[in-house]
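A single chain comes next, written as structure tokens; it is the form predicted on its own.
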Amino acid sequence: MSDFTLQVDQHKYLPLGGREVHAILTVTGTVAQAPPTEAAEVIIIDTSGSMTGGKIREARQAAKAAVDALRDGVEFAVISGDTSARMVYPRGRKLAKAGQSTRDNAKKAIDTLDANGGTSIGQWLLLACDLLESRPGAIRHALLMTDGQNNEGEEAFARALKQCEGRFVCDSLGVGDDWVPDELRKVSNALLGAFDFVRDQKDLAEFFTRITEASMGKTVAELALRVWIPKDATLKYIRQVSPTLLDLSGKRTPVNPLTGDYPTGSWGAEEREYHLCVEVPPAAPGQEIRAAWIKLVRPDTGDVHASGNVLAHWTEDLALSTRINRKVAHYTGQAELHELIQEGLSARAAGDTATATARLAKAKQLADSSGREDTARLLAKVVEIDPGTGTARLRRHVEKADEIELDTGSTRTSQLRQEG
């Protein structure tokens, strides 16, 4: 059985004429003696031509490690992906129930995987979607790994992601330095999963095991944040800000003209945080309104697990209205850091040295001041700042793997440290 809490952190006081209300929503799930939950898992292995040699050997070991991590009774399949998608196990477009014999047979089938052909990630996801659709009541999850650039057209890829959206959660991994982070970022944004960089292919099995075990720990298939805002107000954005950045603003499912559901995916024992920003019409001093009413709901049943209010109160007291909530400030800074890194790397790729230097140098300063030591270390491999003059310049030689690690790592955030 799972229990959930919702905590709202905000500073409700606005100056006269103030309109924007910010709040951080902390959702915490706890699991007490959880019974086995129906689950379906699809493991997707890139077997394109670039996977020859050591990569395909490590991919086989990783896939077998994921199969070993499946809970008894979980429905599963293994897919081989190149220019098209093919079933590795079981035979036929269906799922198998995890047990000792099916695990052994799946691992024998995985041992036959070879590398050949191109990369069509959208086709792989569509086959996974078709398989997972056969278990509508289950916690549906896919694990995808790739080492190369997607060869299918952008429109075909976008159509595939749209078709899969809301039907299952997908975590993805990029291996080596020839894949494109933006492609797996699109998978993450559409399918509400995380994506990560496996720098050393020998670590692939560890990543597969960790992700599969996390998937097996989920106990609720889907929760949504149901957000009500008053008439004449505008929800400017709602973003997941911890443990990773994920914009939910465009995923609204209307409940009524003032209320919409924003999907958060499947849940186990974990904590996630969301940044909500609502624009409200200004009011007279002393007036207080409910700027948003948040409910954590199961979309299929309408059951409400937790709820909370976001308030707005107008005041003439400048000392009160100029205070900033620490949590809101913290995650605003984390989002700014991510945007600076993305803008800097894009400018660098486009040959715009001036913009790239300015953005990445500012990101380095922000990472240093906010205690993001890992991000600051990666930024130092791309941009150097003279400690005496403060002059910044891009480094001439940057390893591709360092650039990918900086790109993928920029979506991860740190939680606010406790005071005192």
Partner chain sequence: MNCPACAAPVLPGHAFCEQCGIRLEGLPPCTACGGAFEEGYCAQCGRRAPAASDHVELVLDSGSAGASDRGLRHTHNQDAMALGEAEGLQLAVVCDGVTQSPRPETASTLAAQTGVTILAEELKAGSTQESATRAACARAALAVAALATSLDDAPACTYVSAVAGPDLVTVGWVGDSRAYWLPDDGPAVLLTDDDVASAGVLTAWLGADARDAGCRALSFVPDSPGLLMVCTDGLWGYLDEPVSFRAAVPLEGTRALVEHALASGGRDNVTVVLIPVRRA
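On a predicted model such as this, the values are computed, not experimentally measured, just so you know. Numbering follows the first chain given and starts at 1.
Form predicted together with its partner chain: not shown, discussed below.
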Of Lys186, His330, His313, Lys251, which residue is found within 4.5 angstroms of its partner chain in the model of the complex when only non-hydrogen atoms are counted? His313
Considering Asp104, Glu288, Asp303, Glu279, which brings a non-hydrogen atom within 4.5 Å of its partner chain in the model of the complex? Glu288
Each of Phe168, Arg210 and Met216 within 4.5 Å of its partner chain in the model of the complex, by any heavy atom, yes or no? no
Flag Ala283 as yes or no: does it have a non-hydrogen atom within 4.5 angstroms of any non-hydrogen atom of its partner chain in the model of the complex? yes
Is the gap between Asn151 and its partner chain in the model of the complex 4.5 Å or less for some heavy atom pair? no
Taking heavy atoms and a 4.5 Å cut-off, does Trp293 contact its partner chain in the model of the complex? yes
At the 4.5 Å heavy atom threshold, is Lys231 in contact with its partner chain in the model of the complex? yes
Which is the contacting stretch out of 67-75, 304-312, 95-103, 111-119, given heavy atoms within 4.5 Å of its partner chain in the model of the complex? 304-312
